[in-house]
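Just one chain is shown here, as structure tokens, and it is the form predicted on its own.
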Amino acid sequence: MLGIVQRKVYNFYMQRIKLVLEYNGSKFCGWQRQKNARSVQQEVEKALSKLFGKQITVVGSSRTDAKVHAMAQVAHFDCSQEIPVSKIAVAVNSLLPDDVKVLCAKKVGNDFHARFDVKKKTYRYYLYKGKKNAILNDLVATCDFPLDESAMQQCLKLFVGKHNFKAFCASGAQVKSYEREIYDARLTKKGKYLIFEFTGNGFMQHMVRILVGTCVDVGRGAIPLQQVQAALESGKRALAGKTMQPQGLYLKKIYF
């Protein structure tokens, strides 16, 4: 009971700000703050703390991994200073490094939570059909062998719906449940790019990269579709495909 009262008093004096950010994850250890590595959260908190003249803690919607990018990561923070919200993005961006930027800032209710209020997320994965490219190396994954796109489309259909995705996440992932629901899984082709897109109510560590890796393994004939179905039913990681490179993965959108 005491905790509830304290939270109400705290929120009465604070304003909560929602941020939408983009970043190139190539030189980050991921979103989450770490002691001996550079993180997106750390850079954002450092810039905000300098702007407001006090320590600011940021809560992110998604804990993207090392080298993973974001088109629209969402985060929130609390502050007591009345800086015009319309000026926050420009002010923070002047203090941030070039590989992370605030797209917009908005005042929200004190009950908004960037992590717990998420309804669904969309991730996109870029696969370049060709040899490694010096310019694109940190921005896309590469593949220089033939792929059966029709087989990969069939593989994607198996992922849609509510399933136990234990076979499609990092070993040792600390989660209460492996059940997730994929609302949409699609593959489009633009020139030399294959673009995978997944929308679901949540994703575990490495999950999207393993889903894509499984599709690629099906596309190159390394595993049959029946094995993918068996992986979904059994939860055995050995039956699913490889984990794709992180640099092809982008957090595209978060829905509340």
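Sequential numbering from 1, following the sequence displayed. Remember, predicted model here, so these are calculated numbers, not experimental data.
FYI, the form predicted together with another copy of the chain isn't displayed, but the following is about it.
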| query | finding |
| --- | --- |
| Candidate stretches 124-132, 73-81, 147-155, 168-176 - the one whose heavy atoms come within 4.5 Å of another copy of the chain in the predicted complex | 124-132 |
| In the predicted complex, residue 220 touching another copy of the chain (heavy atom, 4.5 Å) | no |
| In the predicted complex, residue 117 touching another copy of the chain (heavy atom, 4.5 Å) | no |
| is_contact(residue 24, another copy of the chain) in the predicted complex, heavy atom dist at most 4.5 Å | yes |
| Close approach of residue 137 to another copy of the chain in the predicted complex, 4.5 Å, heavy atom | yes |
| Proximity to another copy of the chain in the predicted complex, single hit among 143, 185, 105, 100 (heavy atom within 4.5 Å) | 100 |
| Heavy atom contacts to another copy of the chain in the predicted complex at 4.5 Å, residues of 157-180 in sequence order | none |
